[in-house]
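Just the one chain here, the form predicted on its own, laid out as structure tokens.
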């Protein structure tokens, strides 16, 4: 270890932490929580150890958010096990920008430290949106305004949106960015009308450096909200402030969207993300594994890339599964384990089924849009097919309740559990529902 690194790990008062002790803590976290491990953990700097608290410096606000929300307990437990003392780990960051990324209620928007441009794998399916996003991050308000990215679930839209935010803050620390879902924008607009706070609402949305709205297709059919967004869009555009939008389809295909909004959404660049080809899937798997500090042999990567051809999110889920089963196998991940993990068997019942396949079959069967099932709508015509998706995902995939909930609009595990029980009860009491489920299961296992 270089003397420079050791000096960096000391506080001005001289209180420090033994570097070998910190390495043991890191190794303990990596072995006990493999899915949590990230390459950038090597950048974490233990800067002091006093009063039973190990203070650890992160490099970016996104790393700080990740560590505070997901790593606090694992690192504290590891520190207690290694030191044999009742200590705690506390994460800090000196590089907090004057601006930031905010969501509803002016709360800091948690960004994923993995969602940076360096970790985005490009291919024929996404080269244009990636290049456009990079250009916008380097010249917000000038390159492409607005930037409209559209594509299916799990293809990388969120990754690009967050990468832009992180790059802009890196280059311009005082930038104020609003990043939220279209559903949140609608709810805040309705609340502002009810409370008579429209002036405050308008000031908040029109005095930002960048506005990022996910799932903008939910504006469909909402005349008053479209009117307000139209004026917000115009104000930001005229002031050369960057607007970034994402959706599941291009502007011209959003139903019941005013023509003047369709026109404005097309002013900048409309870029589509498609499903990754085989070569891109191989590259994605290698990249995602490296981010987690996981080594996968080429035969394993090629096998997974052949088995899963839907989206990046499913590929990442496969890596998580491999990593977990690898720990049970003494850390060894070979082709045999990969086949077992992904259910490679000739019997239909054990065939690998993905959430995306379930979503595709259910949406076609009930004639609903994927965006509705993954959105906030609670109408019965939407809510019940969504519950069926959750039921089938729980039955035919190895995803946890939390992971299934995140896939369907960020819902928590209790919502998924309620859906599973509701559909299960309906199968027992309603012959029509039982028949529908049987048809869907037949399509899943025989497709």
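Numbering follows the first chain given and starts at 1. The term rigid core refers to the maximal set of C-alpha atoms that superpose within 1.5 Å between the two forms. Since the structure is predicted, the reported quantities are computational estimates derived from the model, not experimental observations.
Keep in mind the form predicted in complex with adenosine-5'-diphosphate (ADP) is missing from the figure; the text below concerns it.
Put simply, of 343, 326, 250, 152 only one has a heavy atom within 4.5 Å of adenosine-5'-diphosphate (ADP) in the predicted complex, and it is 152. A heavy atom within 4.5 Å of adenosine-5'-diphosphate (ADP) in the predicted complex is found for one listed residue only; from 119, 363, 374, 357, this is 119.
Using a 4.5 Å cutoff between non-hydrogen atoms, residue 157 counts as a contact of adenosine-5'-diphosphate (ADP) in the predicted complex. Not displayed here, adenosine-5'-diphosphate (ADP) is approached by residue 312 to within 4.5 Å at the level of heavy atoms in the predicted complex. Although the partner is absent here, residue 133 lies well away from adenosine-5'-diphosphate (ADP) in the predicted complex, with no heavy atom inside 4.5 Å. adenosine-5'-diphosphate (ADP) is not shown here, and in the predicted complex it never comes within 4.5 Å of any heavy atom of residue 242. Of the stretches 296 to 304, 85 to 93, 281 to 289, 186 to 194, only 281 to 289 has residues with a heavy atom within 4.5 Å of adenosine-5'-diphosphate (ADP) in the predicted complex. Annotation for residue 399: C-alpha shift of 2 angstroms or more between the shown form and the other one, rigid core superposed. After superposition on the rigid core, displacement of the C-alpha of residue 75 between the shown form and the other one stays below 2 Å. In the core-superposed comparison between the shown form and the other one, residue 218 has its Cα shifted by at least 2 Å. Distance between the C-alpha atoms of residue 399 and residue 311: shorter in the predicted complex than here (change of 3 Å or more). Between this form and the other one, the CA-CA gap for residue 72 and residue 404 widens by 3 Å or more, being larger in the predicted complex.
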